[in-house]
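Before any questions on how it binds or moves, here is one chain, the form predicted on its own, in structure tokens.
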């Protein structure tokens, strides 16, 4: 049997098993109670005064911060003159963040000043994204009852899948590069620099308003890009891993979609988690560099 024949035989057998399961199990009807978006609802775990309630989003942020800080301290204390493989990898990431992200988009003094911030953004977002693909018992929407006690079920969730976290990070970037721009050019010079040189008259006023609005929209572009990509990835994995089967009430569908969920899961971990951290960091660097640049 040729390799192609083996592949098609395997595919046929897999689809046949799915069809057989469908005939045996049948359909239980649509589940109107299952709402996939509720997987990302932030139920209050600990009710504290003011806006300080503890939710799974807060827990994930704290865990991401602890892992980021702990990992960097652990690595920094174990630097050697003759680096091992782990140290070589870390130094490669360090050089990449320093040269390809910060120095390529800022002058030397700005890069030296803001490199720690940009690197921290990248590492925090990357860690947050990565731990978001580790199933943890944080789903209080569908608990399991044992001995009269409700235990949360496992799910994947990321702090960056909550818009508030990317928005706060984007606000920090916005405030940072705005302060740097005003410091370098003065308030009037910073606003004047929004209009390209040589543009005068009514067109200058139009472009000024457009550029000012575009500048403010960076808050949305930075935060929504990260939030939407992570949330969409988690939702697609949820659907492929069994969410569609639950919604339609046809358990056999999960047999057909589960391999897609595994492929998407690997794809998200291998590419999307790192790519989104990279995009956020490099855009932040570009904004910082552009804020102090003399030309538009």
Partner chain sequence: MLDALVIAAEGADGGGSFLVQPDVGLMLWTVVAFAIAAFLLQKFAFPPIAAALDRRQNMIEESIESAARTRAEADEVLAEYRERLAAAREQAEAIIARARKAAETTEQETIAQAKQRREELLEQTKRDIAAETRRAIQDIRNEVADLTILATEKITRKTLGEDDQRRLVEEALAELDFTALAGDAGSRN
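Quantities reported herein were computed from a predicted structural model and do not represent experimental measurements. Numbering follows the first chain given and starts at 1.
This protein has a second form, the form predicted together with the partner chain, left out of what is shown; the following refers to that one.
Exercise for review: Give a yes/no on whether residue 193 approaches the partner chain to within 4.5 Å in the predicted bound form, heavy atoms considered.
Suggested key: The answer is no: residue 193 has no heavy atom within 4.5 Å of the partner chain.
Review point. Might residue 109 be said to contact the partner chain in the predicted bound form, defining contact as any heavy atom within 4.5 Å?
Key: No - in the predicted bound form, heavy atoms of residue 109 and the partner chain never come within 4.5 Å of each other.
Review point. Heavy atoms within 4.5 Å of the partner chain in the predicted bound form: does residue 124 have any?
Key: Flag for residue 124 set to yes.
Point to revise | Contact label in the predicted bound form: residue 90 to the partner chain, heavy atom within 4.5 Å | key: Contact check for residue 90: yes, within 4.5 Å of the partner chain in the predicted bound form.
Review point. Looking at 205-213, 165-173, 146-154, 132-140, which lies within 4.5 angstroms of the partner chain in the predicted bound form, counting heavy atoms?
Key: Stretch with heavy atoms near the partner: 165-173.
Check your understanding: Which one of 73, 86, 217, 179 is close to the partner chain in the predicted bound form, taking close to mean a heavy atom within 4.5 Å?
Key -> Checking each option against the partner chain in the predicted bound form, the one that comes within 4.5 Å is 73.
Exercise for review: Kindly confirm or deny that 189, 229 and 271 each have some heavy atom within 4.5 angstroms of the partner chain in the predicted bound form.
Suggested key: Result no, not one residue of the spot touches the partner chain.
**Study point:** Residues in 55-87 close to the partner chain in the predicted bound form, defined by a heavy atom within 4.5 Å, in order
**Key:** The stretch 55-87, when checked against the partner chain in the predicted bound form, contributes 57, 58, 61, 62, 65, 68, 69, 72, 73, 76, 79, 80, 81, 83, 87 at the 4.5 Å heavy-atom cut-off.
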